[in-house]
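Encoded as structure tokens, the following chain is the form predicted on its own, with no partner shown.
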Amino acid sequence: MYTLDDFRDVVGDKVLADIYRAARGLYGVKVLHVNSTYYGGGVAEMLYTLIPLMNDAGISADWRIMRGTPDFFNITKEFHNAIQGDEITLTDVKKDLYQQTNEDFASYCKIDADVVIIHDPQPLPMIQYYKKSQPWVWRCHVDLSHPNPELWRFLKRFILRYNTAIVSHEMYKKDDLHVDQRVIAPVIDPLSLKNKDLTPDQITEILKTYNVPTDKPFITQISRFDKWKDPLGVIEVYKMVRKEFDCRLVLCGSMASDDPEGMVIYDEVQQRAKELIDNRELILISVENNTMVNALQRSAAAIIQKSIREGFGLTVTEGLWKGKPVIASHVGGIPLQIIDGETGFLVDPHDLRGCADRVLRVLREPKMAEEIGVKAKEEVRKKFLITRLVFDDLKLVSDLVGH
């Protein structure tokens, strides 16, 4: 487990001093986080590092994983999509199963905490099955700018019970949500297996293990196999690029335990890309291996994130941290991370030609790409590392418990 001192060489003394100062008066305060998966996706990755660092700062932090049936996770995946604007048939059966699963989980999830932080829609209704004796926070990690109206009305009945709602972007705040709303941007762990430095020999060995040739440049998108990440659009962009520059595409995506759509999307991608897979021009990887992701990002000539909707986009943050030029959609929280033309490139998510042109520019101008990568990494160091989230959460807890 990490301690704050492990990050000293990355962030410097002042950052650590600010954290220690913010923790004074909070020693022993109990904070409980609840989400729905321990792997796959940025929420679990953040919690994996955040919890021990909060404990090291003097907080008593804990983490619980919600349990549910496949039917429950199918429903909450529909909720996830509808929060980001999809249509949904919101039947009484779905609402009842959603609430019943939360009630069942609450019956054996004992809460002994001074602050409770609930992540995303899956465990949102838990709050109504407890006699509330402490502040509760709902942390929404997805794009909340245009939720499905019917679902939003249903979910608000639970959110209104919370003391605070946290979102990733100012534009996700809702005028019709009458609770305290705050913006806290997500972060990455620079020392994790996914983000720590690798030697050239380590990278070579990892790529060899996963059958990724290095005889020519490759571009990559690394995301869950999710329709909002638009992997099919990435393939179309690649087809345009390949006509003008000889390169490969590596699509790498994890299968989170709370995302039943992942395999369906993977099968669609595999079918669409079949002729490219046969001649090794497109490589699909669905293995959950953070060191492999690290090696791919550090080896790629360009990193793409062609999302249609994106709460924040930690895969963008990861790519920027590797000092790589990232070409990403101008949606959600991505523009918070990229200064177009300076630390990466922003494109219209529906403009395939525009995305392809940015990729081609990066491939053809390696010196420019390197200069952008240096600026990108420094921007992440300043704004989007886990130590900043520790400080923000300490401030949040202090405000909630009145210390």
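None of these values were measured; they are calculated from a predicted model. For every residue, the number given is its place in the sequence shown, counted from 1.
In what follows, reference is made to the form predicted in complex with uridine-5'-diphosphate (UDP), a form of this protein that is not presented.
Q: With the partner left out here, if you bring back uridine-5'-diphosphate (UDP) in the model of the complex, are P52, D189 and R388 all within 4.5 Å of it by some heavy atom?
A: Checked in the model of the complex: no contact with uridine-5'-diphosphate (UDP) for any of the three.
Q: Looking at 231-239, 152-160, 245-253, 170-178, which stretch has residues with any non-hydrogen atom within 4.5 Å of uridine-5'-diphosphate (UDP) in the model of the complex?
A: Partner-contacting stretch among the options: 245-253.
Q: Would L124 sit within 4.5 Å of uridine-5'-diphosphate (UDP) in the model of the complex, counting heavy atoms only?
A: Judged by the heavy-atom cut-off of 4.5 Å, L124 is well away from uridine-5'-diphosphate (UDP) in the model of the complex.
Q: Is N290 one of the residues lying within 4.5 Å of uridine-5'-diphosphate (UDP) in the model of the complex, judged by heavy atom distances?
A: Because a heavy atom of N290 falls inside 4.5 Å of uridine-5'-diphosphate (UDP) in the model of the complex, the answer is yes.
Q: Going by a heavy atom distance of 4.5 Å, is K194 a contact of uridine-5'-diphosphate (UDP) in the model of the complex?
A: Yes.
Q: Taking the shortest heavy atom distance, is G58 within 4.5 Å of uridine-5'-diphosphate (UDP) in the model of the complex?
A: Flag for G58 set to no.
Q: Among the candidate residues R298, K94, H330, R224, which is the single one with a non-hydrogen atom no more than 4.5 Å from uridine-5'-diphosphate (UDP) in the model of the complex?
A: Of the listed residues, the single hit is R224.
Q: Identify, from the list C140, V116, I303, L314, the residue with a heavy atom within 4.5 Å of uridine-5'-diphosphate (UDP) in the model of the complex.
A: It is L314 that has a heavy atom within 4.5 Å of the partner.
Q: Which residues in 44-74 have a heavy atom within 4.5 Å of uridine-5'-diphosphate (UDP) in the model of the complex?
A: Residue within 4.5 Å: E45, and no other.
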